[in-house]
Every structure is written in structure tokens, then in C-alpha cells.
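Here you get one chain, nothing else, as C-alpha cells; it is the form predicted alone.
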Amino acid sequence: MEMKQIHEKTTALLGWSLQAIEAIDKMNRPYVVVGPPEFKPFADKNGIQFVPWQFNVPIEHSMELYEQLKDFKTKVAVPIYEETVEWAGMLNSLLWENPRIFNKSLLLRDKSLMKRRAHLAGLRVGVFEEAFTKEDVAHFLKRMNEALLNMDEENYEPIHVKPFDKAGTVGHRMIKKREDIEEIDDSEFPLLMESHLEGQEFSCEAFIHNGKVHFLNITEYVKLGHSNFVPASPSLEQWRPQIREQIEKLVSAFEVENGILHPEFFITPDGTIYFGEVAARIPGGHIFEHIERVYGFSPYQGQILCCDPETTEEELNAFFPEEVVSAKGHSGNLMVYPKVKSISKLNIPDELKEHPYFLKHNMFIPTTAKVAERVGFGNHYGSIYFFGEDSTEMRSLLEEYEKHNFYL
């Protein structure tokens, strides 16, 4: 969509993302990028207004950044990555003279706090506690299984542990036995512990303005941290009204006025929905790429429009398409993890490349043959992209090739 309205005040993108920069560059509005200093030469070469900044410094330095952004006549800060969410909260609280905006952003950065907030708002959650030592984890694993009347330590039902403030699956571990607990380094504490939830896992990408959900995408997870597709299959989309109700509860509970929410849920066969966690930044797993491929609009532009309190209802109605029915097909991807310790070559079967749903891949031979040790779910070594009309075939492909050894 061509952006016709002329904007005089500046939008600040917090974090370096070429996709987000390219998207806002087409929107006919001034912008400045706040990112790591190493990107300044590229920004200067390409005429991108840029403020070098390290987001790992204490948030108390935000006044210094605020003063720099005031010189650009900045009106809104848009978070790109997890680490920039509270910075956007602090800057917007100063720009809009509303301290509560910062306090609300902290809820969206702490997985323990967000779980409590969701629980207080009436969403279903699993059993959860905070862990400060390995003994806390061992005690929680034992007590959860006692509650399930499972006394067989060799066949314990698993629990999950996650860092409070890391994005997505970073640092996420499944714990089944004492040996799993010993693999946790003391530096990883404190952690959130939670019971294992059965059911179909999925995420939502909700675009919100003035407290109203203007577009809701549902992303179906085939395997957490490995594969997903958009839009979800009919068997999951049938629960859209109930899912939307949960999203609206979240919006109300976290007092979200403008921006995006990226929550994760579990749903059982009878339609019972459990809240997992929520973020207020661009989702991982190539989800924004999927949305653009099937719906034809830029989710990056959608995020920028929704973060701006001055965006009009008419602009939003003209920008977002109708959910599900306007999708041109299903877009999916498989994130590939080596199953070997040292890589010598790629092994891509001809039948994959010849499949009509196959689009492309970006797997590569790394300069260092040794595969990096994974912590939790670890980092993937490239992705394979698919596009097609049938969700059943999409799921089958993602399940089939998740088992394949692409790296030898």
C-alpha cells in the first residue's frame, strides 16, 4: 500500500533490521534508526539517519538517548527486538509524558511477571514458580510429578525452565531427570519453571491501535523452535473466535494501547486454551515474512502504523486485509539444526527441490566445521521456505524434512 499522508515528526526504530528500514522507507515519513555502532558506516553510506547505541547499558541512560532523539523531532519509538522493548517503553513514556508506559513494558519483558498478570486476568496458565537454584528445579520437578501421582523417577513427566527476559526459545530447556538439571549453569538463574502443557502450540500476531485489535494472524507451530506456517490450518482456525477472545483479554490485562503483541498459546482438542507467554516485538521464526507472502502487506509497516498514536482509523482500515479469506495460500518454513558435531557438506535431496511447494533455502557450509554447542533450543543453521495451498501437505512436508540430515 502506498503511504500518502505526509508526516513531519520522526519515528525511531530501536534495533537494526533491514526489513524494517526498507518498510518504513516506503512510508513517506521521516525516521531514525537507533542501533549498534558497527552499523553506522552502512547507515551513513546509504543516507539513513542513525544514532549509535548499545542497548545492554542500564536503562538509566535512557535520558541521554531521549535528548538525542528529541533533536530529530521524534514522536514515537518502535521496538524491533526483545532487548529494545523496555527502551521503547521508557522513551515513549518520556515522549508522551506518561510514566505508566514504561511500567507496562516491563511486564512484557519478564516471563514470570507476565504469567502472573495473565493469571490475574483470568487466562488459563500452567503451574509455575521461580527458581533461584538447581535444588528449586529438582523440588518443582518432584512436586509436579507427585501431584500427577507419578512416583517413577525414571519416567517423570517433564517440566520446562526459561530465563525471565530472553526472546522466544533462547535458554528454554525441557527437564525430565536430575541429569538435565545438572546441565544448567549457575549463571542462568533465576529461571521460570512451568508444568508441561499438552495440545497444539501456536502463536498470534495481533496488531493493536487504541486498544483495538485491527488484524489477528494465527501461526501454527509444527514443532516448537523448528517449523511453522501461516495462516493456520482449518482445524486450528475453527477456534479463531475463542482465540480472539483470549487476545482481547491480554490487551486489556496488559493495558496495551498501541503496537503489536506476539503471544504463544496451547489449545487442547476440546478447545481449551492455555496461555504460554507474550512479547511486544517482531516475532521470530520468519513469521513476518509468512504474513507478507500470503496477505500481501508489510507487517513491519503494520507495526509502525499501530505504534503511532496519531494513525487514523481510516488508515488502518485501508491497510489491513480481511483475515484468513484474503490469504493466497500457506507459507511455511523449517529451521534446520545440524545433527552432527562437525559439518563437511550439505545434503539437499532432489525431491525437496522438485516439490511444487519448495521456494528456497539459505543453508550454508559454515567457515568453522565444528557445530556450535546448543544451549536450550540453540541457533539454527539456515531455513527452508515453502508455499502452497494445502495446510495438510504443508504440515506433512515440515514434519518429513525435520527428520532429514541436511548437514553431513
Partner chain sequence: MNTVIKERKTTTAPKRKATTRKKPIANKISPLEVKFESALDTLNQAKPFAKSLYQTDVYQLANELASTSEGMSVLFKYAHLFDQAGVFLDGDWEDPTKLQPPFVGGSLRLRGIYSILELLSEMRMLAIAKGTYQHESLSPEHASSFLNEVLALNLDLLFPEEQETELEEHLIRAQNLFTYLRQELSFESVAEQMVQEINRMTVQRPILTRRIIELIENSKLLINDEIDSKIVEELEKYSRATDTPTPLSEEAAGQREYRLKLEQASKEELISEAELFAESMYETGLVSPYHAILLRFLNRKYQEIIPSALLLSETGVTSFNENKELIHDIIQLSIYPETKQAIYGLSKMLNRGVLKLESLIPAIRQLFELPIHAEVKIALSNYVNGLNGISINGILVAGVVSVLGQPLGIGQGVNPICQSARAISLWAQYDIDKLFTLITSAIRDNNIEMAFEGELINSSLLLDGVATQNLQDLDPVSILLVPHLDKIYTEMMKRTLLRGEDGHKWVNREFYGEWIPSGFINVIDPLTLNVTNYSSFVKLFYATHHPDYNEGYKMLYPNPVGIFLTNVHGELLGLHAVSIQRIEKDQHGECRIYFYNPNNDGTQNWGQNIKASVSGFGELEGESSLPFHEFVSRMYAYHYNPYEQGDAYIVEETIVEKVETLARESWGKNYEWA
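Not measured: the values here are computed from a predicted model. Numbering follows the first chain given and starts at 1.
Another form, the form predicted in complex with its partner chain, is not on view; read the next lines as being about it.
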property: Site check K166, V294 and F297: each within 4.5 Å of its partner chain in the predicted bound form by heavy atom; result: no
property: Contact test in the predicted bound form: F39 vs its partner chain, heavy atoms, 4.5 Å; result: no
property: Contact label in the predicted bound form: Q19 to its partner chain, heavy atom within 4.5 Å; result: yes
property: Heavy atom of Y66 within 4.5 Å of its partner chain in the predicted bound form; result: no
property: L346 within 4.5 Å of its partner chain in the predicted bound form, heavy atoms; result: yes
property: In the predicted bound form, residues of 347 to 362 near its partner chain [heavy atom within 4.5 Å]; result: K353, F358, L359, K360, H361, N362
